[in-house]
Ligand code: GLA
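What follows is one chain in structure tokens, specifically the form predicted alone.
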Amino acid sequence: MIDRIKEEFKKRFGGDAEIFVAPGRVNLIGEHTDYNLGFVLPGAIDKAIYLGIKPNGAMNARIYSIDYDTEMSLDLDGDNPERQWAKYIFGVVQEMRKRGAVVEGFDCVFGGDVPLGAGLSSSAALESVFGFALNEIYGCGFSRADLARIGQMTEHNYVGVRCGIMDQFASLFGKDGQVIKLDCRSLEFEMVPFAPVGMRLVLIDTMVKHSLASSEYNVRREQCEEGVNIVAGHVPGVTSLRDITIDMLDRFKGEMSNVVYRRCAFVINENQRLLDGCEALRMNDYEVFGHKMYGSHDGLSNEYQVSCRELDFIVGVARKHTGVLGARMMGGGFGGCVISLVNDDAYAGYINDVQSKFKAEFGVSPRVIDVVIGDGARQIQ
């Protein structure tokens, strides 16, 4: 990809470009906890967006996308573009300028190998690689945390997605052999070792996205807020589920519906699963960590009710393989991927079993995506 970007840049714009890269991400555990100000455990992966870029002395950007085989000129002083992928680039420039940066025109070529539609945050990788590159070539002085917020605000203000900050944070702060325990309330983070020997991470993509996802996401947020409001009416200082223990929730269970109770209980338990899982990783105990992954899926399916038949089916197959240490749905739910931690010697049998049984049940073959935890955004020398 890097060689192709260099060749395309020279052919289209002349001269040599500086090369930057920012990866996609996985989240090992901690789902639907971010907007409840809890913890998440993402890691950057070995799938990324690559960018060749050079200032052009103008006030427009000339951009070629390898993946879409499209070249366009983007007026950096103009309106938000209609083309979806261009919104991410335009938004990053505008958010950097809002913070006082002088960002002028540039020529660039970008492309990547982050599988689209698999929940690996190709959009955050795109924002991160442009933010990181422009910060370097124009000497803006932003920290990686600043760039994560710039990417998040790009989604909010130019793409129309009210996302959290996890995806951008993982893309910018990722480290080879480590995952990030991120506190979504304070944005404090800690690097936790993740370097399993004789094991690998693999994603099984159901290739489906049910229409329930967006509407039910908002419903879950409202249900969690309802539970928080009930407890906050009795306990001073409670502002989110992060402030509530299971004992506290149980004390006021009678004032909330069973559904609201289950939603809140899941989030509280998921935060604890993540903390316990991090301790297991520090002890190099991947069997315990895998058990926490299964627990996460059970909670997401039964208490939070954001799974679907396809996701539950894959996790059910995983449970029958002793070489699969853990598996769970990853992402917002109602489709997408199952992330599994698998012993190397069990990998082939597991994949063959999942593919054949899934196709027999649903008529399509799931996509298999192997991932390795890797480094975050950087310049390629």
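Note that the rigid core is defined as the largest set of C-alphas that superpose within 1.5 Å between two forms. Start at 1 with the first residue shown and count on from there. Just so we're clear, the structure is a prediction, and the values are computed from it rather than from any experiment.
There is another form of this protein, the form predicted together with the named molecule, and it is not shown here; the text below is about that form.
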So in the predicted complex, does any heavy atom of F313 sit within 4.5 Å of the named molecule?
no
K47, heavy atom within 4.5 angstroms of the named molecule in the predicted complex:
no
Going by a heavy atom distance of 4.5 Å, is D34 a contact of the named molecule in the predicted complex?
yes
Answer with yes or no whether Y217 is in contact with the named molecule in the predicted complex, where contact means some heavy atom within 4.5 Å.
yes
In the predicted complex, the residue from M166, I204, L274, L241 with a non-hydrogen atom within 4.5 Å of the named molecule is M166
Any idea which of 156-164, 228-236, 83-91, 97-105 reaches within 4.5 Å of the named molecule in the predicted complex, heavy atoms considered?
156-164
Under the 4.5 Å heavy atom criterion, name the residues of 315-353 that approach the named molecule in the predicted complex, in sequence order.
G331, G332
Please state whether Y304 has a C-alpha shift of 2 Å or more between the shown form and the other one, with the rigid core used for the fit.
yes
CA of F110, rigid core aligned, shift of 2 Å or more between the shown form and the other one
no
Superpose on the rigid core, then tell me if the C-alpha of P42 is displaced by 2 angstroms or more between the shown form and the other one.
no
